[in-house]
Ligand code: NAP
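This document starts with one chain, in the form predicted alone, laid out as structure tokens.
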Amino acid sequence: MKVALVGIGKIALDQHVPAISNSPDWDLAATVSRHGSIDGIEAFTDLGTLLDTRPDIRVISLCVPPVPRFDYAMQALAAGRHVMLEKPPGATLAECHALERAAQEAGLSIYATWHSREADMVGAAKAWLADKTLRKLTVTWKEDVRRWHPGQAWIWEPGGLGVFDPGINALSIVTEILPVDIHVTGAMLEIPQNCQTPIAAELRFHHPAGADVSGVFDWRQDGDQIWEIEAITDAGTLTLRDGGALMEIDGVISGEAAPLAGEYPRLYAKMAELVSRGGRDMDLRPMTLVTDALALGHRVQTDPFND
């Protein structure tokens, strides 16, 4: 199937383009971007022009920032195209619900992707936890924003999510591996004086069976990057490391330390499957947790951030 990639930035070039190029399911037929392009691929600066001139392109994959994503997605759906959404799927939950309704009414596929759920050991962690009694779960998600999001000013503006842009990856794993749903009960948000979104956060959650669930997120990490989820159960301790690439159960390690490897190819394989059967996948639980954290969060002003 032919796919067009909209928004040619770092994540598109680092992950989407290789995943599409190496997939037996997809042909990267065009791009849409005001600034970026890919050698040998037809480039447009306007999505409407692409939709009008390339009816053979059935799928639009959106890598633009969250705030403008809704308009792009609705435009694609109105033109009868299936839509794939980079995480988070939108700037608000209401937008995402509207997109799902529009796709359903048009009989089109839409996919809210959560790439971290496709990390190598997430499925194994979910299976191991399925019949265990959880006592405590702790998320520690600390990375250097300057390394992973250089010059991306939109993440500090309303709708950009700040530290929850990477933090939502952890929450997408948690909502996948736990057999029950959790919800936010409290949050502390550190917001730089010159920003609109948090650079760090601490969250606490309600677990239906009373387990102690919490998370620490920080975008000011020096040295080693930490993407870790520890689950203490009645039958031992499971730890996912490197964003889900490694799993340790009571000292026994499985997997290989290769963050992001395989994640985007699996996303595109799933999109191909959704389109083939007319399916839709708009799991919004990770975004709901972030939205609730922003609603309940106690805000603390911290030092200005300068990229």
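Keep in mind that what you see is a predicted model, and the values were worked out from it rather than measured. So that there is no doubt, residue numbering starts at 1 and follows the sequence shown.
One more form of this protein exists, namely the form predicted in complex with this ligand; it is left out here, but the text below deals with it.
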Inset, instruction - Counting only non-hydrogen atoms, choose the one of 235 to 243, 272 to 280, 48 to 56, 31 to 39 that falls within 4.5 Å of this ligand in the predicted bound form. - result: 31 to 39
Inset, instruction - May I ask you to state whether V17 is within 4.5 Å of this ligand in the predicted bound form, using heavy atom distances? - result: no
Inset, instruction - Please run the contact check for I249 against this ligand in the predicted bound form: heavy atoms, 4.5 angstroms, yes or no? - result: no
Legend entry - Contact flag, R220 vs this ligand in the predicted bound form, heavy atom cut 4.5 Å: no
Legend entry - 4.5 Å heavy atom contact, Y72 to this ligand in the predicted bound form: yes
Inset, instruction - Would you confirm whether the three residues G186, E202 and L296 all fall within 4.5 Å of this ligand in the predicted bound form, going by non-hydrogen atoms? - result: no
Legend entry - Members of 48 to 82 lying within 4.5 angstroms of this ligand, judged by heavy atom, in the predicted bound form: C63, V64, P65, P66, P68, R69, Y72
